[in-house]
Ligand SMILES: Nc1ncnc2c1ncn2[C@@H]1O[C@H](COP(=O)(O)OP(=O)(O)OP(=O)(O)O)[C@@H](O)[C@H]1O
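Given as structure tokens, the chain that follows is alone and in the form predicted alone.
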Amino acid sequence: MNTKCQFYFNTIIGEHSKMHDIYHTIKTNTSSDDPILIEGESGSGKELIAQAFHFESPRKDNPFIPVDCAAIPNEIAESTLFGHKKGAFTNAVSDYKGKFLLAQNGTLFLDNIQNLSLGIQAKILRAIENKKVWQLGSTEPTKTNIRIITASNVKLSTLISQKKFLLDLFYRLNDIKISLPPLRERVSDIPLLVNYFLREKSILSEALEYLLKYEFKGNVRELILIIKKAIRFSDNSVIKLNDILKAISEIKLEPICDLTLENICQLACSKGLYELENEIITYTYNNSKSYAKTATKLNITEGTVRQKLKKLLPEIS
């Protein structure tokens, strides 16, 4: 395969009509400061879209600050986002600006915003409407001049009825809406992506055909991982079907849905307790893409989850 690939906004690959609709939205809103909401599955490239909005805008020479809200423990979310003054709380040994002020004159990208508590959501709404933030321990607010881009891997509208997301904040963030399609809805882009990630290697037609029919639950992120592993398995400059199958087999996880006592015992006997524990943690994380949710679901600490996944999934570290 020798498919030429064109980059859009220097980083995005995709010729599907749905992607061109997104490119048009970016081009026609570069000089606006209106908030942007990007919805799309995990691994579909939401941060690349946010970067395109920033680097095509008059703010391009100022900071682009990405924040993964899923990775912020709730107890330090306010300090992380809005900053604090020295002595504001026990561990506040120095002043910290916070992400809003670090993004001054630039763009603040809040990924996985659905993971923030309702209390923090209310503070974000106030900060957007007033264009000011209150740092913990400060007696005066600080003015902000930033563009807000948020992203979620679930539809925020469905969380409102569950009282997990503020309706007022949803309306405030939804000025410009991007719905990023999953890879399975733009299959025609797979050859372009494969060609780019392969770099110096080529791929046999039967291997590419397999990828075209494969359901990428992890979207582009999963495709990248499969190609990286297939390259390692390949013994020459050509990627064969067997290389792809080996790569998929290595990352594929057995569904662990019905954890009855009988199933746990069977899995423990066949795999061993240590391997079973690792598999459960990996599976749970891959389904939630959140350290905090994984920890809550398995009733373990977030630190344990991070430590385990650093060894099990080094590509996410």
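So that there is no doubt, residue numbering starts at 1 and follows the sequence shown. This structure is a prediction, so every number in the text was calculated from the model and none was measured.
What comes next is about the form predicted in complex with the ligand, which is not displayed.
Peer 1: Which residue, I239, L211, L193, L166, has a heavy atom that falls within 4.5 Å of the ligand in the predicted bound form?
Peer 2: Of the listed residues, the single hit is L193.
Peer 1: Under a 4.5 angstroms heavy atom criterion, identify the one residue in L125, I224, V187, I160 near the ligand in the predicted bound form.
Peer 2: After the contact test, the surviving option is I224.
Peer 1: Is there a heavy atom of I12 no more than 4.5 Å from a heavy atom of the ligand in the predicted bound form?
Peer 2: Taking the distances in the predicted bound form, the answer for I12 is yes, it comes within 4.5 Å of the ligand.
Peer 1: Can you tell me whether D111 touches the ligand? I mean in the predicted bound form, with a 4.5 angstroms heavy atom cut-off.
Peer 2: Yes, D111 is a contact residue.
Peer 1: Give a yes/no on whether S57 approaches the ligand to within 4.5 Å in the predicted bound form, heavy atoms considered.
Peer 2: No, S57 sits far enough from the ligand in the predicted bound form that none of its heavy atoms falls within 4.5 Å.
Peer 1: Given that the partner is absent here, does E279 sit within 4.5 Å of the ligand in the predicted bound form, heavy atoms only?
Peer 2: Answer no; every heavy atom of E279 is more than 4.5 Å from the ligand in the predicted bound form.
Peer 1: Within 4.5 Å, heavy atoms only, one stretch in 26-34, 279-287, 39-47, 58-66 touches the ligand in the predicted bound form. Which?
Peer 2: Of the options given, it is 39-47.
Peer 1: Has each of N105, I148 and F170 got a heavy atom lying within 4.5 angstroms of the ligand in the predicted bound form?
Peer 2: None of them does, since no heavy atom lies within 4.5 Å of the partner.
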